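Just one chain follows, in the form predicted alone, and it is written as structure tokens.
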């Protein structure tokens, strides 16, 4: 296993281009170190990036908040900009992992890991976050909802990396907010089911985690709720069966996950 530590982004892309096969980018290491320990990663090259200033920090533009991909969850929780413009987002992350992991885990790494249980992704989806993708000579922005294409599969071009996340300052303005994560305990738990939601008199935004091969918006249910003043539980159940594909695993079974998600959805409608 070979390690690289580029001095800057330019050198990072130079190194990346020279590696023909699969490679991994190491930031906080909360996921990748586990994979190395379990020998899921053995001989693939690893590029260390957590020191690169170009991918760090939280800043604002006239209309948006830009979160660098190397921003830790502790930085998110301590940021005055996040507290001012995205208080729902901040409050929903308070019980994310332990204090130690909060100082290490990065928002870019959480997204790039592609886990169906990723805590941050449903929140970013309902906030209509854009993901900033960087390559050697250009940068592009795409909606986060278009980034995932399958289980741990992404809308990434060759030698692109996640540079950051962009959220408009008014993403939460005028909405009632909802986020619940159900697990084996109240804190420091991997979600069995997670539901994030925003709503106002005209619009509904819903996203789930741990219920599909990657976190996603519930577009059919959003459209249905926006079209009626009296949603029917039977119709919601029918649509939910079309939107999610829960599985049974060591943490829970699919029937339980479906019923909990339906219960959370009905709770969201009542707020």
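Only a predicted model underlies this, so the values are computations on that prediction, with no experimental measurement involved. Positions refer to the first chain, counted from 1.
Beyond what is shown, the protein has a form predicted together with a small molecule; the following relates to that form.
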- Query: Since the chain is shown here on its own, which stretch among 76-84, 193-201, 89-97, 165-173 would lie within 4.5 Å of the small molecule in the predicted bound form, judged by heavy atoms?
  - Reply: 89-97
- Item | Proximity of residue 161 to the small molecule in the predicted bound form, heavy atoms at 4.5 Å | yes
- Message: Contact with the small molecule in the predicted bound form for residue 34, defined as at least one heavy atom pair within 4.5 Å: yes or no?
- Response: yes
- Heavy atoms within 4.5 Å of the small molecule in the predicted bound form: does residue 208 have any? no
- Query: Is residue 49 a contact residue for the small molecule in the predicted bound form, using a 4.5 Å heavy atom cut-off?
  - Reply: yes
